[in-house]
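Only one chain comes next, encoded as structure tokens, the form predicted on its own.
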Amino acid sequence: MSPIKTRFAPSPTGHLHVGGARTALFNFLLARRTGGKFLLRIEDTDRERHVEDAVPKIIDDLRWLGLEWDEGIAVGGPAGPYRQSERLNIYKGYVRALLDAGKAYYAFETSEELDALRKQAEAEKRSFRYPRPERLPGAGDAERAAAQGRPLVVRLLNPGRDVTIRDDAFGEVTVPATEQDDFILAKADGFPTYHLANVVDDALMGITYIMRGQEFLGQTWRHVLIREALGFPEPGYCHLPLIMDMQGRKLSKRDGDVDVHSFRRHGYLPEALVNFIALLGWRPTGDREKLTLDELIAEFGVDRLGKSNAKFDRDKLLAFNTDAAAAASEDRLLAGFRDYLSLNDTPVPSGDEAMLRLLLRINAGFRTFADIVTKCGVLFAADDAFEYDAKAVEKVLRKGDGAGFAVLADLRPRLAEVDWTPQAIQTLLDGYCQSSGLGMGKVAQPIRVAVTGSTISPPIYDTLTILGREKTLARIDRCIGRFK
């Protein structure tokens, strides 16, 4: 394949959405597969929706996923600047060229006048299309309108022909001339519309292939006409199917996390998320599911993209992450665990490498890093900073005439004397089980409830070793004193 230059061009409104992450991933994979280039551009001409601190968030999200770009914001390149708000003079030059060539014209209707035209169209049961004036306004008309305080925009003089888009996912898509109008190129605030800035930047930055969400397909006819008017070459197109939830609705926050940072903060590995996102609308050869980023690069092609909407199966993502964690080296997990702890307020000592490694080992099989904190966070909290699960107290300690409390009373003095190692603690509890005739569950669970407040923790020997003798005894005393 010939080298292809792709781009990802997000609008900075917040953290990177998983839909945007898929678009970035597919563009990255195609560029790498063909030996081409991947560019990152920030499209910030919509000033009403713009959120400035979203730019570093997007950059951080992409880098966490491992999607490095060859050119663009934060790395530079020959076609900068790579923020549209810093390219306004470039766009103004192209708007002026279109006006001078008679391919665009000024318009200055107020919002009230446009609303009246829309209501008239609605009353006549027809779709609203901007009505081109019989005489196109010139520069003098524009000056007078501006002097009167009217909003001044520039519209493309639509050539009035059908436009056919050749898309590698959806085939040929034709938009009839009757469904087009003279759309705006430059807004009254001096900023270009998304359509003009997008086309100009893609041409000047040498983008040869445009891959983006299906929701942009209905707007692409505008881009074709702008390129034609400016004499720009037409790139290749591939519009990606929508991502839906498991009920077939558009993916939204009502169903849980929808942005990359949320999954990162909740303890997912980036390689698992990348692997999962890659399969949303695309399938590798042999119907394999578990692939590394290098394997995705070697496999990726638009010929294996589907047209049907993709389903975001959160249970499947969780299974992917569980498998990825099980297959990862301890060093890789340590780096991921530290990253998770840096984003969350937990009592786990993030600077104690030996302790973090121990937690990873005794929690083998965890689904996300959050599971480790759920199981072990209480071991690092203050002795009076956790609550007791009322059901656990009733079932484990009070049931059977306080059998659990009896176990605690028997073991408390023995725990005060034993060597504090996992092996010595295990020997003590095994011996107590034999002498009392109780199963390990009847012995370990009362201790677990007393020192953690619940029935969930790592193996009891590791739990007590991490806690230490002093905290273990203090917690047993607190439990007995509070509930017996």
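Counting begins at 1, following the sequence as shown. Here, rigid core means the biggest group of C-alpha atoms that superpose within 1.5 Å across both forms. Note that the structure is a prediction, hence the values are computed from the model and not measured.
The form predicted together with the RNA is left out here; the points below concern that form.
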query	finding
The RNA in the model of the complex: contacting segment from 217-225, 71-79, 408-416, 230-238, heavy atom within 4.5 Å	217-225
Exercise: A474 in contact with the RNA in the model of the complex, heavy atom 4.5 Å	no
Any non-hydrogen atom of A444 within 4.5 angstroms of the RNA in the model of the complex	yes
Interface membership of R448, the RNA in the model of the complex, 4.5 Å heavy atom rule	yes
Proximity of E394 to the RNA in the model of the complex, heavy atoms at 4.5 Å	no
Option touching the RNA, based on a heavy atom within 4.5 Å in the model of the complex, out of R166, R118, K399, R161	R118
Position in contact with the RNA when the complex is considered in the model of the complex, options M355, V95, A328, A188, heavy atoms within 4.5 Å	A188
Partner contacts for 88-121, taking the RNA in the model of the complex and a 4.5 Å heavy atom cut-off	E109, T110, S111, L114, R118
Rigid core superposed: V199 CA moves 2 Å or more between the shown form and the other one	no
Rigid core superposed: E68 CA moves 2 Å or more between the shown form and the other one	no
R338 C-alpha relocation of at least 2 Å between the shown form and the other one, rigid core basis	no
